[in-house]
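Coming up is one lone chain in structure tokens, specifically the form predicted alone.
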Amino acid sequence: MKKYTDTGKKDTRSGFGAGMTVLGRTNPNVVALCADLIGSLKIQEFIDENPERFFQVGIAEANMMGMAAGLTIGGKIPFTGTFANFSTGRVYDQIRQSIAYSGKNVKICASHAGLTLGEDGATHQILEDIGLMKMLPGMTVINPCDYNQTKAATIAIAEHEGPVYLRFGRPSVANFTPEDQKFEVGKAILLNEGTDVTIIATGHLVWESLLAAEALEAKGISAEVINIHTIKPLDEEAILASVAKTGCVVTAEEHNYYGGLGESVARVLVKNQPAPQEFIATNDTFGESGTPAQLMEKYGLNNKAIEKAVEKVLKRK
């Protein structure tokens, strides 16, 4: 199995901030809007270097989406920033009507997604956002796995025409993808080749999938691991090629299994190449307060849970 090294744990929101700093220096059309969460979004450096290209909206997220839509008309590329819960559920009407319906070139950047928001609890831990956003026609949905990939994705979406939802998180997690990577929207990344089972993961669950694959190898089970950073458009070709070889699949995501990556993968399989599938995702539930590690353990979103799901799906082949 190919080995990956954690070069030092970093939060993916800081990867977003680093990407915004690069865009501030390289793309004069990029502007940033924030709903009173500059520190949480890690965009202070962008603001310091480009004060005339920053708009502090305050706690008025719906207004922020309308302003962003308007800014695109003049050729600007607006990046909105707030927590994932407030980037989607609170402003869904504005996104649908003012951004998605007319294909506005707005980049909706959502931090503190999923259970790993931690102690703030269920009111802030959105687990429905991928489903909400992928259902919007023309909306690209991206969920990178670490600091380096989030930075690369932030830079890349400025060149991608059309609305984008970029999802990232609060906790420090393993940073293992290349620092100089080129991010390609819609292109899955094969992290490890295997023959017995395909593990398809997104976001924080990618590293957990690699840990699971390593443990499975010690048991004589060969796991293929695919990083799906772009949930929409989905790289169907990569999924089908892998499952044709392995014959079964486990999907892993920090999201409700209703509307998430797993359902998208299941749709691809049932239309083209039916295969046994197990889901690592939250089971129709809200979150609760706790540390990220405690919550991922309780809700079955870690490497141990992935390992058990693989053993279960293998029995269904």
Partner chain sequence: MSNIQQLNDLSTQVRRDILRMVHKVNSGHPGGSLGCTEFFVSLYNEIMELKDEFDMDGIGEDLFFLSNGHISPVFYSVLARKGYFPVEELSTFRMIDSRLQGHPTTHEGLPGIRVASGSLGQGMSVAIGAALAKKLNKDNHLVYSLHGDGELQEGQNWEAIMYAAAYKVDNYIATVDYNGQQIDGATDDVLPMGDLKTKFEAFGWDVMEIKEGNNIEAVINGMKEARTRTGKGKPVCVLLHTVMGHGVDFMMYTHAWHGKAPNDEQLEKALAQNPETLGDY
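Keep in mind it's a predicted model, so treat the numbers as computed, not measured. Residue numbers count along the first chain shown, from 1.
Same protein, other form: the form predicted together with the partner chain, not shown, and the subject of what follows.
Which of 139-147, 110-118, 74-82, 170-178 lines the interface with the partner chain in the predicted complex (heavy atom within 4.5 Å): Comparing against the partner chain in the predicted complex, the contact stretch is 74-82.
Every residue of G66, Q97 and Y101 near the partner chain in the predicted complex, heavy atom within 4.5 Å: Result yes, every residue of the spot touches the partner chain.
Sole residue of V249, L41, V31, V265 within 4.5 Å of the partner chain in the predicted complex, by heavy atom: Selected option: V31.
Contact residue in the predicted complex, from S289, Q56, Q273, N27 (heavy atom within 4.5 Å of the partner chain): Flagged contact: Q56.
Non-hydrogen atom contact D93 with the partner chain in the predicted complex at 4.5 angstroms: It does: once the partner chain is placed as it appears in the predicted complex, D93 has a heavy atom within 4.5 Å of it.
is_contact(E61, the partner chain) in the predicted complex, heavy atom dist at most 4.5 Å: Output for E61 is yes: heavy atoms within 4.5 Å of the partner chain.
E52: touches the partner chain in the predicted complex, heavy atom cutoff 4.5 angstroms: Yes, E52 sits close enough to the partner chain in the predicted complex that at least one of its heavy atoms falls within 4.5 Å.
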